[in-house]
Every structure is written in structure tokens, then in C-alpha cells.
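One chain comes next, on its own, written out as C-alpha cells in the form predicted alone.
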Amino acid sequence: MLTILVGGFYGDEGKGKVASYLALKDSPKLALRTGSVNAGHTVTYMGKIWKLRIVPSSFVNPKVELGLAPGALTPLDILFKELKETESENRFCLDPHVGIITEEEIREEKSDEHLMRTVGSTGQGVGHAESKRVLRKLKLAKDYEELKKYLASIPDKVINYIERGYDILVEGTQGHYLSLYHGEYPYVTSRNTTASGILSEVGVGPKYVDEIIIVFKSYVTRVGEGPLEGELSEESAQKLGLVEYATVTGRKRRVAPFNIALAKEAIKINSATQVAITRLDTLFKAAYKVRDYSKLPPEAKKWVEDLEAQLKVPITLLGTGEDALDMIDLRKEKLGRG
């Protein structure tokens, strides 16, 4: 079975938490990361916190093989640093077509006034590296001697594992409304961050996909420029306990209430089969670290049930705390599995 995790808003939805939970709970054979280092995923498990930018969040399960899909981009230093931090070097592979970001692309991006000031780029060199890939000027993983021992065809590995009955988890980055093609251009990232874009970065066709889990936070956040409907003032966000900072840049995230219209559109375009909601405990403090649906406070249950009725897609996962296992898993009740 192949499952795709996709962000439903502007990134920062908690995909790292959901990916780490699914790795521990389902133990897939292989977990893949797409995207690049301009998107950070935070993983908390057994009192330890990792802020990852390229290694899959599923590393928390030592039985899971990890990989970078051909559409991904990474600098070598961040990749090697995270492999060491996660102690996952011996179960990691990357496709020969993974793009390698160098200091040159980072310098070019940081001096690009349009990207840095108007669009709000993270300055990681991703946009310039992606443009060089299109122009056929970018070096790939297969061009680096130090990566030779990690190289493997990700599409071949994925198809081989699926045909042998193994589970694959694909961790997308950022969110639907940051997609180069479907977001609010030009305030978008340099790739297609929807489920179809994630799948194209993996390099296999849609017939292999079984589940698309779209991840929403219980409220909306956005880093950088661009529209944000219903944006709260800093004072209001502070009062509600909704102040957050971006994993990669440290910039304060802009905040708005959960947006039903945006969620419905993202579900439709991504063909989502399940919904995961994170940070339920931020809206409902009594939900903190609850792992049994029956023990949720009544107002939290009502919020979830009303939301599911409007979205018309089963809400199967509810994040209630920072630890990977602080999750209410309703897949068995709603889907007959999990």
C-alpha cells in the first residue's frame, strides 16, 4: 500500500508528527521524503526533539528504510548532518536524480531581491537550484562520489516493494496553497506541493496510490507574504495561545482560524481519502495528550464531528500533543483498519 501525506493549508500543518506516528504505528517498509530544505518537519518522541529539513520523519522507527525521491533537492551538509543526528545512515538511500544545492545557489537566492523581499523566500537556494534543474545546469546526486554508496532507483524500489506487498509512506512538504501551480502566485514555493506533485517527484504512477492523507492544523498559519483570510492580530493570536515560529527561518507565523472553504478546496484537488487534524489540544486544552476519543472533552468532539460533516471525508487522526504518539487513531473505527 502506498500512502501520501500532503499539507492542506500553507505548510506547518504537522506532517512531521503524522509521519512519525504512522512510522511507529504501521511500520512501513520504506518512507520517502519529497521537496527540499526550505520546509522543516518537527518530530518529538520520548522527550527528544528533531527539527528535520530533508531526512524523512519516519526515522523514529529503526525498522523503516528511508529514501529521498528523485524530485527532491538537498545540500550535502544538511543531508549528512541529519543522517548523523537521526542515526539512519545505514538504512538510507537516495535516487541518482536528486538535485544537489551548492553554496552558489544559496548566494544567488539571497541576493535575489524579488524572491527575498517580495515573495518571502527562506533563502535556502531552493528556487535557484530548481530553475537550474529546468535549465539542465544543476548537478545531481549521481555526480557526487560521496553519495555513490547511497544511490538507488527510488521508482524501481517503490514498485518492487508494492508488488511484494509492503507498505510505502511518502511525506510531502509545505502545503497545498504554497503550490507553484495551485497556490496564490507569486507567494508560493518553487514546486507543486499537491498530492499529484508529490507523486511526480517520487516517479511512479497514480495506480499505485491507495491513500492520500491530507493534514490540517486546527487553525491556519502562514510564514512570509501573501494573503491570509481572517488573519488575527498579534494580540489576538497571543491571547488564544496560537503563537508559533517557523522551523527553518524562525520567523513568527501569521495566524487565522480554521478555514472550511480552503480545506474543502484542498481536499478536492488532492483527492484526499483521509483527514488528519493536528494541534487539537491548542484549541481545547483539556484534550492535551488524550489518546482515546471517548476521553476527549465534549466541545472538542463536537468540533471534530461538525468539521467532518462539512468536509465529507473521514477524520481519522487527531494530534493532541507534541509527542509522536500523542494521537487519537480512528482508522479502525472509520475504515476498518489501522
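Start at 1 with the first residue shown and count on from there. These figures come from a predicted structure and were not determined experimentally.
Note that the form predicted in complex with a small molecule isn't included here; everything after this is about it.
Novice: Which residue, Ile78, Leu140, Leu180, Val119, has a heavy atom that falls within 4.5 Å of the small molecule in the predicted complex?
Specialist: Looking at the other structure, the residue within range turns out to be Val119.
Novice: If you check Gly224, Pro96, Gly203, Pro257 against the small molecule in the predicted complex, which one has a heavy atom within 4.5 Å?
Specialist: The residue from Gly224, Pro96, Gly203, Pro257 that makes the contact is Gly224.
Novice: Which among 186-194, 141-149, 231-239, 68-76 is in contact with the small molecule in the predicted complex, heavy atoms within 4.5 angstroms?
Specialist: Within 4.5 Å of the partner lies stretch 186-194.
Novice: Would you confirm whether the three residues Gly40, Gly123 and Gln174 all fall within 4.5 Å of the small molecule in the predicted complex, going by non-hydrogen atoms?
Specialist: Yes, because Gly40, Gly123 and Gln174 each have a heavy atom that approaches the small molecule to within 4.5 Å in the predicted complex.
Novice: If you check in the predicted complex, is Glu109 within 4.5 Å of the small molecule, heavy atoms only?
Specialist: Yes, Glu109 lies within 4.5 Å of the small molecule in the predicted complex.
Novice: In the predicted complex, is there a heavy atom of the small molecule that lies within 4.5 Å of any heavy atom of Gly11, even though the partner is absent here?
Specialist: Gly11: yes, in contact with the small molecule in the predicted complex.
Novice: Can you work out whether His114 and the small molecule are in contact in the predicted complex, taking contact to mean some heavy atom pair no more than 4.5 Å apart?
Specialist: No, His114 is distant from the partner.
Novice: Does Lys268 reach the small molecule in the predicted complex if we count a contact as any heavy atom within 4.5 Å?
Specialist: No, Lys268 sits far enough from the small molecule in the predicted complex that none of its heavy atoms falls within 4.5 Å.
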